[in-house]
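Just one chain is shown here, as structure tokens, and it is the form predicted alone.
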Amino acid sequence: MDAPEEKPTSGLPHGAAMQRNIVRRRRKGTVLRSIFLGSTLIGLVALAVLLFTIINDSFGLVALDYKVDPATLSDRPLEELSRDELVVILQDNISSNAFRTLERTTPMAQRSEGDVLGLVLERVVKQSVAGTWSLTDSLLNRSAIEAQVAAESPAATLKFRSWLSGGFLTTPMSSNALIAGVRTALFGSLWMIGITILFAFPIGTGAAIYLEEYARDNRFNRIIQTNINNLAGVPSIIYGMLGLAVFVRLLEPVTSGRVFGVEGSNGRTILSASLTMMLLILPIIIINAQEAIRAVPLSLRQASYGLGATKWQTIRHHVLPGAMPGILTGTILAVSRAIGETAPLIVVGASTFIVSDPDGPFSKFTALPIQIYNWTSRAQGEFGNIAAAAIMVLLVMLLTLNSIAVLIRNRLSRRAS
């Protein structure tokens, strides 16, 4: 006869019941692991599709029509000519009034070689696009594309073009996609992000220090904490409306630079956009900084107090070094959001077409997200190509800024340990 099953002496599973419980838990763990792995794979596939789409539109064949053959202007390709040689070609092939107008706008001596080349292509060669093709079509269906161009545009020249190039980075915006660049938008984004970090990082860190180390647990401080948590989820367009009301209109003498002696500007400046973005990312920085400060062990504070340090000395020499890696992580996330925002900038007054580079916080400006939005709304296919190239520039700028922040964070982590 089988021995009778022992009865459990506690409420925990025992014998066969314990085995069934273990099998059930392992099955549940396998299912959850499969779900998590599937979610990761879906995210990676979506990212790969996004990158492939951008790269696919940034390179490819383009059919170009020329009203004036570039070979008749010089015995060398126009891209190899110096600025002075390009100025001579421009002066010889446009009217004197048109040349004087260009000279009054920006003297030729102050223009870059890429700017002058763009003027030659736009005013003299007058090149236009007969058609564009993606990278995959250019590689897989080149013969069909050549036959199509020969039948529909026999005078057109078929070239493989990289829409992302050095000239694309150093050329200002233009209504002609062939000579348009992102220089002005790139400088605008860098100015805006730099000023945003300059204001947001110390204010956000200081607010987190106060709320975690100094603020008492009373009703007023609980209301502040609740509102900070809620502000992190407010749509960005609301911050744009706030920036329009406060920074562009109410504080126009300051944001336009008039109180500092700057004339000819209004409140729709880089400073207004930066302050608006500061409000947008402050809740994120504060919340992440609070979590980082809260994660510093209490024993470090107690040891510091035991040695006679004051509260600020403890925060300065022990709490902040230990929390700084987490604070920088939150700042990276916040800046990544600010770089890609478009709605607040549109409300604040970012220009959709501007060719002059910003030279200070009181300048009119545009930004890369605004530029990309403007180009993707155009009907011509070539503007979609340069929009894809601008997205690559934006991604590289974002990764570069994040990499710098990560390096600083890792160095501080090693120093704190």
Partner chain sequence: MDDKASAGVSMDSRVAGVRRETAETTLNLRKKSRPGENVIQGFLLFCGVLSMFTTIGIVLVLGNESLHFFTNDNVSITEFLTGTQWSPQIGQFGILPLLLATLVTSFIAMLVALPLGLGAAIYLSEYASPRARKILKPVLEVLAGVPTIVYGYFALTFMTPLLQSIFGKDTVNIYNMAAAGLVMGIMILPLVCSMSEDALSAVPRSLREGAYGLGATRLETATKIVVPAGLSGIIAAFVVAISRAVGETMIVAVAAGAGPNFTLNPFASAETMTGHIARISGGDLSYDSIDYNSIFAIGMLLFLLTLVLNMGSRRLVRRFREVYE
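Definition used throughout: the rigid core is the maximal C-alpha set that superposes within 1.5 Å between two forms. Everything numeric in this text was worked out from a predicted model, so none of it was measured. Residue numbers count along the first chain shown, from 1.
The same protein also exists as the form predicted in complex with its partner chain; that form is not shown, yet it is the one meant from here on.
Think of it this way: in the predicted complex, its partner chain has a heavy atom of just one of V234, A98, V254, L78 within 4.5 Å, and the residue is V234. Note on contacts: among V347, M324, L186, V129, the single residue with a heavy atom within 4.5 Å of its partner chain in the predicted complex is V347.
Although the partner is absent here, T171 lies well away from its partner chain in the predicted complex, with no heavy atom inside 4.5 Å. In the predicted complex, its partner chain lies farther than 4.5 Å from every heavy atom of W191.
Within 4.5 Å of some heavy atom of its partner chain in the predicted complex lies at least one heavy atom of R268.
Using a 4.5 angstroms threshold between heavy atoms, G384 counts as touching its partner chain in the predicted complex.
Here the chain stands by itself, but in the predicted complex one stretch of 214-222, 150-158, 121-129, 85-93, 214-222, has heavy atoms within 4.5 Å of its partner chain. Heavy atoms of no residue among T72, S175 and V393 are located within 4.5 Å of its partner chain in the predicted complex.
In the predicted complex, its partner chain lies within 4.5 angstroms of at least one heavy atom of each of the following residues of 314-345: G340, T342, A343, in sequence order. Core-aligned CA deviation for L401 between the shown form and the other one: 2 Å or greater.
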